[in-house]
Each structure stands twice: as structure tokens, then as C-alpha cells.
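In the form predicted on its own, a lone chain appears below as C-alpha cells.
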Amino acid sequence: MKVSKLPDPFKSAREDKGYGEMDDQNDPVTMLLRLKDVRKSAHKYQTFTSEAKPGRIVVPSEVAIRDVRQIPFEVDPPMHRDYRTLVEDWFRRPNAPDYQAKLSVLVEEVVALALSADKIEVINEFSLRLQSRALTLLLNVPLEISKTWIDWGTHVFRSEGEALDGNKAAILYDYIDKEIDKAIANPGEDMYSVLLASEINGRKLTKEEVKGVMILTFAGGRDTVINALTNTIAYFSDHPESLIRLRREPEIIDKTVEELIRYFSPLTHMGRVVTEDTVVCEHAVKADTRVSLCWASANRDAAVFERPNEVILDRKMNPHVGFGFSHHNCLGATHARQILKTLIRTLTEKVSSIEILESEDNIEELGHFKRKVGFHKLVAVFS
């Protein structure tokens, strides 16, 4: 089997009944598996709320390691729209030509490093490095700060062998507190300072609200972007003909980015808390229980996607939910898309082939479902 192949563990359950079940720290989750149910439920925030106890909608739950509400991620309309409007222009900056030019330099440097090495461990030496360095552009802070973030590893809430690590999470929280205090003392043009100077409904954001936005920014786009980058490298290793095609047809790179996000679905699912007794997929769910919107399953739904288990670089109809759906569509999607688009363009210009020397799959255990989400280890040679 090709190293980049990600099987679909949800197929039988999705087609037979439309849902699955798993236990998460004694807080059971009903997993919605069909695209139509995922989209419908994502839109019905009155019944499926994000505004639960901080950390509860995440799977695995983060209730035990944080009490700060991530904003606007854990807020429902209408307040969600107010928060999102406040930060949306900032997160759209990756569409600007000057931002893209700076990002291109960062991507080219990381690719050049890979080309100059005898071999490279893709996750830590390539994907983590690129994700962290690109984040300095999003936050508008000096590039050298990325060295600190790289030292944290691929996930800010987890350590090897542990689903959640409160001590590691505290490192992020303490770091953000210090950076906010610095911005209060010496305001600049970084994201912390911009948030502190912002107003919502006629008042300044509180320090807690700024912290909530920053935790989301650091945590929400870390391992997901790293998974997307690493899986993309693995894919082009297995499919060198795709690099050749994209070199000849750069006009399809945007479609390719969307297709890779659909196929790899870097975030498997996201939870909601049920506000009233209801029914999903002819299955009763009780108030104050959890459902999850399983993006990864929805993106392989054969009722919607033709040949769903294949990567079709120029897929025409692609209503994927790899970046979420409805009002909670991923705030960092523009940034993530631009990183992938720039990486693919740079690979077509600089790289002829990628050979995988070693790989170790990263398997998520979701009840009886076992899903490959990426890799724990991927060693490659870039030529």
C-alpha cells in the first residue's frame, strides 16, 4: 500500500446507519458520518451548541486542561458573528500580495533545506518548521520567535504517549499571558496589540478574551497544518506524476489544494453539545450529551463525491468540509490554503522527486474506528 493512502474507516457505519459511537473520558460522543447530516447539524447551533463548558466540544475533550473559552470557536451566534467580524480582516491578510511574497520566501527556504540534506525527518524538520515560521507572518511578529514554538513540538496540548498534557498546555497559556502583558506595556503592530486595541459592542476586549483568541490561533492551526503538509509530501512521493502534471498545469493548483484537504481531512471531527432531546440519523440523542461532526467521514461520502477514496487533482465539484462548515468555518483556512498553495508551487519548481525512507503512521482510536490522520515519523530524501 502506498504510504500516503488514508483508508476510510467510517464507510460501513456511514452507509448502514449514518452514525458511530465512541467514549471520550466517560463523556460519550455520537459521531455524525454523512455529509448532509454534518452540514445540517453544523448550521443548527440552537440544537447543537459550541457554547458549552470550555474545552468540551473538542474531541478528545480539553475540559481537564483549560477553562479559557477559545474565541470565536466556542461561541454561538449572534455573539460569534461579532467576534468573527472583529478578527476576520486580520485572518484574510494571507490573500494580500505582500504577505504571499513573504510566505514564498519562507517556503522556499524550508524546501531548499530539504534539498540540501542527505535526508530529512519531514514532520519535525520540515512541516513543524514551516508551520511555525509561517505563523510569525500571521501574528506579525519577528521570525526568530518561531524557534520557541518549534521547541514545543507538533501539538501544544499533547505529549508522546498522552492524549492530553496539562503541564504542556500550561506552557502555552503562560507564554500567551506574558506576550499579552508585553503588548499592553509596549503596543505594536502584532496580533496581540491589535486585539487589545479592538472594541466589541462599544467596549475594549478583555485580557481573557484576547487570550481566548490567541489560544485558538496557536492550537487550532498547529497539528492540523502539520498533518496537511506532511501528508502532502507523502502524496507527492507516491505520485511523482502529479508533480509533473502540476508543473505543466499550474492553473489547477487551487483545485488540488481543496482536494488534498478533502482527502486528508487534517481534523477528523469536532464536537457539539446537544441542547435538547433530538434525533439524528433516526437515532435519539439526549440533551447535554455530545455529538461530533465527523469531517473526515463526510469528505468520503460516496453519495456526494465521485470516487471519494481517490485524489483527483482537478476535481470539479468539491463541497468538502475539511475546514468545517457554516458560521464556524475555520478562521485560519485562508492562511492554511495559502501555505499549501505556495508549497505545491515551490515543489513543482524546485523538486523532481521525493523518496520516503521510513514512515510510522499516526493512528487515532475513536471507539472501534481507527483512523490514520498522518504520521508519527516520515523520513524522506528530496531531489
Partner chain sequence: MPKITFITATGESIIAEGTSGSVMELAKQYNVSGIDGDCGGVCSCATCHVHVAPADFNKTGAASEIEADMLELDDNVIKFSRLCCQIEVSDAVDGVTLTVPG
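Positions refer to the first chain, counted from 1. Source: prediction; values computed, not measured.
Here the subject shifts to the form predicted in complex with the partner chain, a form of this protein not shown in this document.
Using a 4.5 angstroms threshold between heavy atoms, residue 47 stays clear of the partner chain in the model of the complex. Within this chain, residue 92 lines the site of the partner chain in the model of the complex, having a heavy atom no more than 4.5 Å away. Using a 4.5 Å cutoff between non-hydrogen atoms, residue 28 does not count as a contact of the partner chain in the model of the complex. Residue contact check for residue 255: one or more of its heavy atoms lie within 4.5 Å of the partner chain in the model of the complex. Residues within 4.5 angstroms of the partner chain in the model of the complex, judged by any non-hydrogen atom, belong to 310-318 and to none of the other stretches in 310-318, 347-355, 48-56, 62-70. Contacts between 12-45 and the partner chain, taken as any heavy atom within 4.5 Å in the model of the complex, involve 36, 39, 40, 43.
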